[in-house]
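Only one chain comes next, encoded as structure tokens, the form predicted on its own.
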């Protein structure tokens, strides 16, 4: 079994070989490593994309707006992903972000996962009819994992989810009341033994 470090290095070098800068190649390496860590077919899809890239001129999207639609070939998922990361502080304030025609969207998915970590917010993404929840680059939740990811997405819709508790005040107060049973009333002996330098300092 290949190590994640080996995967990242090979992807970075292969990406440079097909024409991406070293900086962009490094980003691809990190993203494909993450896909493989999550059990998604990053290497397979990257290989297929690079073969298709030899004969097709995929479109780059450098400035992302709320609605993005290519006029010719589908968007390059790598440049799209890098642009998304670069502009995260701006686009996380958009209500909804839409992309029309994205090639090999699973490659773009890995950049979205990393964007979730940078923004500190979960991301809800819909790839045509497939719903995906990206949770701060810790996991990717979807009911699509047992299927082959499509080579082409007609539309991708993305929403950032504001952070909020999954419980109400009543549940929290009830739990906290139980926790209070473990609290120990502070005594003079506890105060003297509390953390601190004390009477001696070894530094």
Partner chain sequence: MKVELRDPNTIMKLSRLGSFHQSKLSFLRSFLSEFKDWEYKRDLFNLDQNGYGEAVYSFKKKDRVYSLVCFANEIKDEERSDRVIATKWDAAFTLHDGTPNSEDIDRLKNEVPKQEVGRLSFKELTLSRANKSVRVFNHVVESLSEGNQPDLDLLSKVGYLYRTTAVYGSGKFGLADRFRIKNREEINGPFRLEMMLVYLVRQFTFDQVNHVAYFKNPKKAVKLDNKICKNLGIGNSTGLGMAPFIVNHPTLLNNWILSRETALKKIREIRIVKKEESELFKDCVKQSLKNITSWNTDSEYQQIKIKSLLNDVEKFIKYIENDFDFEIEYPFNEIYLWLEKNSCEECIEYVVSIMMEPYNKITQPLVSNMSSDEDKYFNIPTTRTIKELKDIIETRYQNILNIDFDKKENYQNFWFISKNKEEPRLADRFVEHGSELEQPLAIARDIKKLYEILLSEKDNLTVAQFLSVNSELRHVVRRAFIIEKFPYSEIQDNTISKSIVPIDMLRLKLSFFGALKFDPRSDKWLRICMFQGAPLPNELKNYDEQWVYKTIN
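All of these numbers come straight from a predicted model, not from anything done at the bench. Positions refer to the first chain, counted from 1.
Not on display, but discussed next: the form predicted together with the partner chain.
Novice: Just one of 68-76, 123-131, 81-89, 95-103 has residues with a heavy atom within 4.5 Å of the partner chain in the model of the complex, so point it out.
Specialist: Stretch with heavy atoms near the partner: 81-89.
Novice: May I ask you to choose, among 37, 161, 138, 175, the residue with a heavy atom within 4.5 Å of the partner chain in the model of the complex?
Specialist: The residue in contact is 37.
Novice: Even though the partner chain is not shown here, does residue 44 get within 4.5 Å of it in the model of the complex, heavy atoms only?
Specialist: Residue-level check for residue 44: no, no contact with the partner chain.
Novice: Would you classify residue 62 as touching the partner chain in the model of the complex, given a 4.5 Å non-hydrogen atom cut-off?
Specialist: Residue-level check for residue 62: yes, a contact with the partner chain.
Novice: Spell out, yes or no, whether the shortest heavy atom distance between residue 30 and the partner chain in the model of the complex is within 4.5 Å.
Specialist: Yes, residue 30 sits close enough to the partner chain in the model of the complex that at least one of its heavy atoms falls within 4.5 Å.
Novice: Quick one: which residues from 11-48 get a non-hydrogen atom within 4.5 Å of the partner chain in the model of the complex?
Specialist: Residues within 4.5 Å: 13, 21, 22, 23, 24, 26, 27, 30, 33, 37.
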